[in-house]
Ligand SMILES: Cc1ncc(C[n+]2csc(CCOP(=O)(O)OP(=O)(O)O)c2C)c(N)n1
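Take a look at this one chain, the form predicted on its own, written out in structure tokens.
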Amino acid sequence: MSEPATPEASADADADTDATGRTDTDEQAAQRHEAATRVPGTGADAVVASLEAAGVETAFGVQGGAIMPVYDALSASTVDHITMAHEQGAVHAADAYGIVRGDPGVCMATSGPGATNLVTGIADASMDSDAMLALTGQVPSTMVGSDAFQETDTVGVTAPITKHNYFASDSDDVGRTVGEAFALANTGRPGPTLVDLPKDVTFGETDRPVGEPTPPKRSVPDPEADEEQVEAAARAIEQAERPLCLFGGGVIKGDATEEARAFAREFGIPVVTTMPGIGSFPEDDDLCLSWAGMHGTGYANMAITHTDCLIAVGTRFDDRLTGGVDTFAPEAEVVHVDIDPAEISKNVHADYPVVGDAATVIDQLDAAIGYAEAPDPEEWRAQCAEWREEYPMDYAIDADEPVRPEFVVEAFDAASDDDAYVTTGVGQHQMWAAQYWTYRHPRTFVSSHGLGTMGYGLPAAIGARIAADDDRQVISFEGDGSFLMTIQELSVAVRENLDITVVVLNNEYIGMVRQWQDAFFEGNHMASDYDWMPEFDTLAEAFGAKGFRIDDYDDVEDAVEGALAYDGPSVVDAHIDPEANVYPMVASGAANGLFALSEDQL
């Protein structure tokens, strides 16, 4: 439609939906074709040729015995390999790389402990629907089941946490299997795939070209939704007086941000996002109420509580978003758009299910809604604006008290470019980074959502930095406990001279655990007190990075400027108020509209 937009919708669309910002040149297309048609010599050659035919530029991994033939072939490849300090670092880096690029990230590990060290990251990618391909070495086929050295049933272990996994059994087929796994990872609803590579298969001879990476035919969904579903949803939206868009991670993964932004602006519909959907709609737009859920804004949660038509796109309605399902959006008819029919009415009943690709379905809805019939929700927008004023995201500062973490996040935001990438670990620091940074672009908030993996932030920053291949800034917010879990990857950032800034919001606690202990366990800080942490700025220097330290407000400006200006990896050890808590907070299982602004309200 090309009807006039409301005043709130007059801002630039600010679309930033292309996953990579790149298109294949003639040279790149020729390279991919050459790899697809090349006659390999061994199964390992075929594995590498499949990666090249898929256009893979970077893989992250750790070398080992069973995967060694593949690494040997990789040494002559156009694929750049980044050796990580630990396999968990490799899988998180690959995950973040894929999020930023919009193509599956690739990680590699050997059999046994190498493969099992990938499990946390694979599960993380599965929970967040991140496209990724894992390649694992395996003992020779004849030794499988014999409890051989470094043998693990990798296919069995990873079956519940992959979109699909494969045991390669033939040197002639292994290349096509890897290509299929790569293509499947990003087909329909994205997710991780895995190919287990026995050593005799990768050593074995083959002369079969790998061909173009192709997903299984049954895995390719119809992007268009059923017309009856679309029409029914369109009529519901037209009749709504308090419509609300809820944009989830599927809007970003489906490259539907341009369509989503245009839809909301065209009809003047307020927008709330999920945490994975952060960046799908610019948070400085008047229509945007930021993200909802357990630690979402009060005004976002009030909008969900009082909307009469929730237009949910690309969300699985997880418990951290909904609170108590029975009290979620109690006044609303729910339009649920998703590429995966299994998500429809799984957690929240969909009054109007619409199955299809996010961008395609939004365009279908836009075409089906009569502009003249759709009321302008002006009063509803005014009410949302009132909630924004009533429940502001502010905090008090006392120069004589410890530094507030929110202040540190906002200081880095103010000093950084609008399109900087932010990665996080998991905990209080993750929430503060989500709450007090203004996100304007998709794929710029890179975090662990469903699995909640501590230690994700640093390796994710490495993956994001390598994926960005430009001058865009990469800032990683970590907590002291979270940072310590994968701190060894700082050696990789130093070795590769990666320009990343790690900000450790150091409260000498596992902060979110401590907050829950104060609220629900009578302040019993069992195993959450981390006053044994090292000096992270000093430790950074030992790794070869640049260290900075914040102890009071006077240190903030110089530390922010110095860390961002440093050409290479830097670590800011920001000692914050150890008693600072994350609010708003919806108690687990409670109604979103009953959010607490302080501990005594829980």
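Just so you know, these numbers come straight off a predicted model, no measurement behind them. Numbering starts at 1 and follows the sequence shown.
Beyond the structure shown, there is the form predicted in complex with the named molecule, which is absent from this document and is the topic of what follows.
Colleague: Three or more ligand atoms within 2.4 Å of the backbone or C-beta would mean blocked. So with the named molecule superimposed as it binds in the predicted bound form, which is it here, open or blocked?
Modeller: Open, per the superposed partner pose.
Colleague: Just one of V195, A467, A350, M512 has a heavy atom within 4.5 Å of the named molecule in the predicted bound form. Which one?
Modeller: Selected residue: M512.
Colleague: Just one of S482, T136, T202, S476 has a heavy atom within 4.5 Å of the named molecule in the predicted bound form. Which one?
Modeller: The residue in contact is S482.
Colleague: With a 4.5 Å heavy atom cut-off, would you call G452 a contact of the named molecule in the predicted bound form?
Modeller: Answer yes; at least one heavy atom of G452 falls within 4.5 Å of the named molecule in the predicted bound form.
Colleague: Using a 4.5 angstroms cut-off on non-hydrogen atoms, would P213 count as touching the named molecule in the predicted bound form?
Modeller: P213: no, not in contact with the named molecule in the predicted bound form.
Colleague: Could you tell me if H429 has a non-hydrogen atom within 4.5 Å of the named molecule in the predicted bound form?
Modeller: H429: yes, in contact with the named molecule in the predicted bound form.
Colleague: Decide whether T444 counts as a contact residue for the named molecule in the predicted bound form under a heavy atom distance cut-off of 4.5 Å.
Modeller: So T444 does not count as contacting the named molecule.
Colleague: Given the stretches 75-83, 502-510, 105-113, 123-131, which is the single one in contact with the named molecule in the predicted bound form, using a heavy atom cutoff of 4.5 Å?
Modeller: Flagged stretch: 502-510.
Colleague: Mind listing which residues of 27-62 have a heavy atom within 4.5 Å of the named molecule in the predicted bound form?
Modeller: Nothing in the stretch sits within 4.5 Å of the partner.
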